[in-house]
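Only one chain is shown below, in structure tokens, and it's the form predicted on its own.
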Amino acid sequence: METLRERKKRRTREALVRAALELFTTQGYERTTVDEIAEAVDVSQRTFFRYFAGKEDAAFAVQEMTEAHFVAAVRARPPHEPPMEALRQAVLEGWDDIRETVESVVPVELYLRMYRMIESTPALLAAHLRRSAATEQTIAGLLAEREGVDVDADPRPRLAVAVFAGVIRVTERQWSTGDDFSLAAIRGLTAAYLDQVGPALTGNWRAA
């Protein structure tokens, strides 16, 4: 059971995340300072750094939660599922469950605004790609374990993850530049683009 001290620390961290995301999405990531985030929660800069190494960590705090949820979902998929189907089901179920995952910390609408902002902020996009590469390594290892292969000797786990990650990047880019920024829209694009992987890779694009 969570102690009073642990609850207080969790609530302070969550308040800092909410304040950071609100400031980032209203006035810009680069223009927001750590002092402003701390002041919004009525804590000191020193307190902020007890929870986060810097602005970047605060910016990606909720996304780290969703990525951890995805990794857990992949790990929990039935062993009989082919690797790409396991990834597909895990990510779609992740979008279905995201309200429960995210709203314990911030409103989903704020999370989606921040998600969209990452695409248009070079420093955040670079950090997002770097962090995603680390998650992809983890997922490749999970697939290798599921399938009973050596991730370093068999290229298939990394190839599967590379294809999957490419689809997610296309989805993120298309969603962030579209007109519908809803949760349903990004979930729908994810499903549609994953369904096109097979035909795109093996089909005849010029067929009538």
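Remember, predicted model here, so these are calculated numbers, not experimental data. Residue indices: 1-based, along the sequence shown. Rigid core: the largest C-alpha set superposing within 1.5 Å between the two forms.
In what follows, reference is made to the form predicted in complex with another copy of the chain, a form of this protein that is not presented.
> Find the only residue in E39, E147, E67, E172 having a heavy atom within 4.5 Å of another copy of the chain in the predicted complex.
The residue in contact is E147.
> Using a 4.5 Å heavy atom cut-off, indicate which stretch of 42-50, 178-186, 163-171, 57-65 touches another copy of the chain in the predicted complex.
Stretch with heavy atoms near the partner: 163-171.
> Does L201 reach another copy of the chain in the predicted complex if we count a contact as any heavy atom within 4.5 Å?
L201 belongs to the contact set for another copy of the chain.
> Report yes if any heavy atom of Q137 sits within 4.5 Å of a heavy atom of another copy of the chain in the predicted complex; otherwise report no.
Looking in the predicted complex, residue contacts with another copy of the chain include Q137, since a heavy atom lies within 4.5 Å.
> Report whether the minimum heavy atom distance between P155 and another copy of the chain in the predicted complex is within 4.5 Å.
Taking the distances in the predicted complex, the answer for P155 is yes, it comes within 4.5 Å of another copy of the chain.
> At 4.5 Å between heavy atoms, is M84 in contact with another copy of the chain in the predicted complex?
M84: yes, in contact with another copy of the chain in the predicted complex.
> If you look in the predicted complex, which residues in 110-143 sit within 4.5 Å of another copy of the chain (heavy atoms)?
P122, A123, L125, A126, A127, L129, R130, A133, Q137, L143, in sequence order.
> Is L23 one of the residues whose Cα moves 2 Å or more between the shown form and the other one, with the core superposed?
Result for L23: no, shift under 2 Å.
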